[in-house]
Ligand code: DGL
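Shown next as structure tokens: one chain only, the form predicted on its own.
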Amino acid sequence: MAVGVFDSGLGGLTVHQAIAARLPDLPLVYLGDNAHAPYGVRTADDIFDLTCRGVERLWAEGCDLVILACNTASAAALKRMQETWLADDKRVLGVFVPMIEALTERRWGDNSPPRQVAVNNVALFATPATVASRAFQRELAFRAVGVDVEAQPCGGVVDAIEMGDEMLAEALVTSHVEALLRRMPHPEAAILGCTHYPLMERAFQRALGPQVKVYSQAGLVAESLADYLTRRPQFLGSGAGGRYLTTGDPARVSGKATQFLRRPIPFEAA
């Protein structure tokens, strides 16, 4: 049995890489739905259907626990999946929880009333679908008071990353950051609310300035998964080594993944 990592494309590789570093003996199967990327401009129903299809493919690989390493899928599909679709012996986890825990400095199971937290002005950079869902603001409001969140939909960034055009991606990041700063001139923290965005983290930090703390999800998700598996060891297994699957063209996806992560990533057809 392995743990599955699902994303609409290449972005989830940042999470996969962090999990592999934190849990080197954990077998992982990665699935990128590159044929249908990006998810961030799709309808909620479309995202739900595609995400369910991807999770089912990972179940077929023996992954009873699947991480949705995609903020758009986590925002638009996860709650509906857990309430109406998920089998009792399977688990699907998203990437919002670790970020909210880090920002509010409280565990997910802490149901005490919302309280003041260290930061008051937060910039959220995410796909249009994630921004439209308001899932981040909704979950944050359950746990914190007095936090002003300014969300910037970052159209085009995922497309540029998936195409391997780093110069275009950097230019788009700069443009989106400038647009947000016109509305919130002095954010204290910035959330990179898409797992593609850590590939552009230096560009975000450069545009925001050194005074803004940038929260990137990969390490937080890996640490949260390690804790989850400690509490639920039944999802640990001794499956095969890591595999990388894609609904797109394996050769093209392998090339783009290798370009961004600076190491060979051999994808197979899903």
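Predicted, not measured: the structure shown is a model, and the values here were computed from it. Start at 1 and count along the sequence shown; that's the residue number.
Note that the form predicted in complex with this ligand isn't included here; everything after this is about it.
Proximity to this ligand in the predicted complex, taken as heavy atoms within 4.5 Å, picks out 68-76 from the listed stretches 84-92, 178-186, 68-76, 133-141. Using a 4.5 Å cutoff between non-hydrogen atoms, P38 counts as a contact of this ligand in the predicted complex. Within 4.5 Å of any heavy atom of this ligand in the predicted complex lies no heavy atom of M99. Interface residue remark: V158 is counted as part of the site for this ligand in the predicted complex, having a heavy atom within 4.5 Å.
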